[in-house]
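Below you will find one chain, with nothing else, as structure tokens; this is the form predicted alone, and questions on how it binds or moves follow later.
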């Protein structure tokens, strides 16, 4: 059995990385910090390159690939700290008109969370709320116009991600064709892929800085304590990679829960260790390390939090 990426998958990954490097470089990243509206020009460029339509059938204008390929794209987006509702765009392409073109950005909300916080840029044109249901209430997906949703801006730890607390939404436009449990699983997996990309990027940043920063006449990367930090970061990132890639192939709920748990841990702990390697420099706005940590904190609280993943895995082991 071959566990390596195929040539086409490797080309897709490399192409996505080159695309983001060329169109979302350091200048655009700085401009996006604190911006209430995503760069619509950037999203149109990404949509034109097929970034948002990886899983949309070719007959509908998409690329016609599968979940593993969408994971590779989201991983590269996580590396680049791409702001905007990427997971919503990937999952709702074809279900909401215009999402895959970049013209109508959509917000995807976890209607079962408490509080209901969602990535809600001012330019959002559609809101889709997923409700897993409860005793006496069936699961469902509901499409809402932003003006019909009562919401309040919510302070976000991540300056690249505007959040809003949803206090009410209409249930008058159900989307019966959407498989709500599947969308929950896939949202968790794609978010884990973004976490994986961030974890891998902070490993690279820590190693690069440790090679160039000198102390006592030697690169700090030659010190045993720094070597241990970087080695631990690499182990966490590669363990998460194996779990995320495997879950993308199986699509199993438990595999996805485990992958999300490992990817969250890798992203958060790697960003913290990367800060440690950078020292005081890592806390400055000139470095991107703190942005990775803040984004990792935010993603860890969305789509299958640690407690939920742990309970699912524990129930399976005890069952």
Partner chain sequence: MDLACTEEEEDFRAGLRAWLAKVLPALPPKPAATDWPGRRAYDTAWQRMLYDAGYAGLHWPVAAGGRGATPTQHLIFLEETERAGAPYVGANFVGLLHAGPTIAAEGTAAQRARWLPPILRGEEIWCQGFSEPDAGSDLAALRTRAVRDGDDYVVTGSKIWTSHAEVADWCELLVRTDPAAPRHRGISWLAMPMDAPGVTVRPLRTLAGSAEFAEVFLDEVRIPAAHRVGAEHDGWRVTMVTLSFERGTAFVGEVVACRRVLAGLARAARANGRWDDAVLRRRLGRLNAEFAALWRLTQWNVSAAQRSGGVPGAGGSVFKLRYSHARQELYDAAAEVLGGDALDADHPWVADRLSALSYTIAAGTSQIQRNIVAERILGLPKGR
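It should be emphasised that the depicted structure is a prediction, and the values quoted were computed from it without experimental measurement. Numbering follows the first chain given and starts at 1.
Although it is not shown, the form predicted together with its partner chain is what the next lines describe.
- In short, of 104 to 112, 138 to 146, 178 to 186, 240 to 248 it is 240 to 248 that has heavy atoms within 4.5 Å of its partner chain in the predicted bound form.
- Taken together, the three residues 224, 234 and 314 all come within 4.5 Å of its partner chain in the predicted bound form, as judged by their closest heavy atom.
- Heavy atoms of residue 255 reach within 4.5 Å of its partner chain in the predicted bound form, making it an interface residue.
- At a distance threshold of 4.5 angstroms between non-hydrogen atoms, residue 72 is in contact with its partner chain in the predicted bound form.
- When contacts are judged by a 4.5 Å heavy atom cut-off, residue 45 does not count as touching its partner chain in the predicted bound form.
- Though the partner is left out of this view, residue 293 does not reach within 4.5 Å of its partner chain in the predicted bound form, counting heavy atoms only.
- Of the residues 117, 207, 123, 160, just one reaches its partner chain in the predicted bound form with a heavy atom at 4.5 Å or closer; this is 207.
- Checking 219, 174, 153, 98 for any heavy atom within 4.5 Å of its partner chain in the predicted bound form turns up a single hit: 219.
- Along 257 to 287, a non-hydrogen atom within 4.5 Å of its partner chain in the predicted bound form is carried by 258, 261, 262, 265, in order along the sequence.
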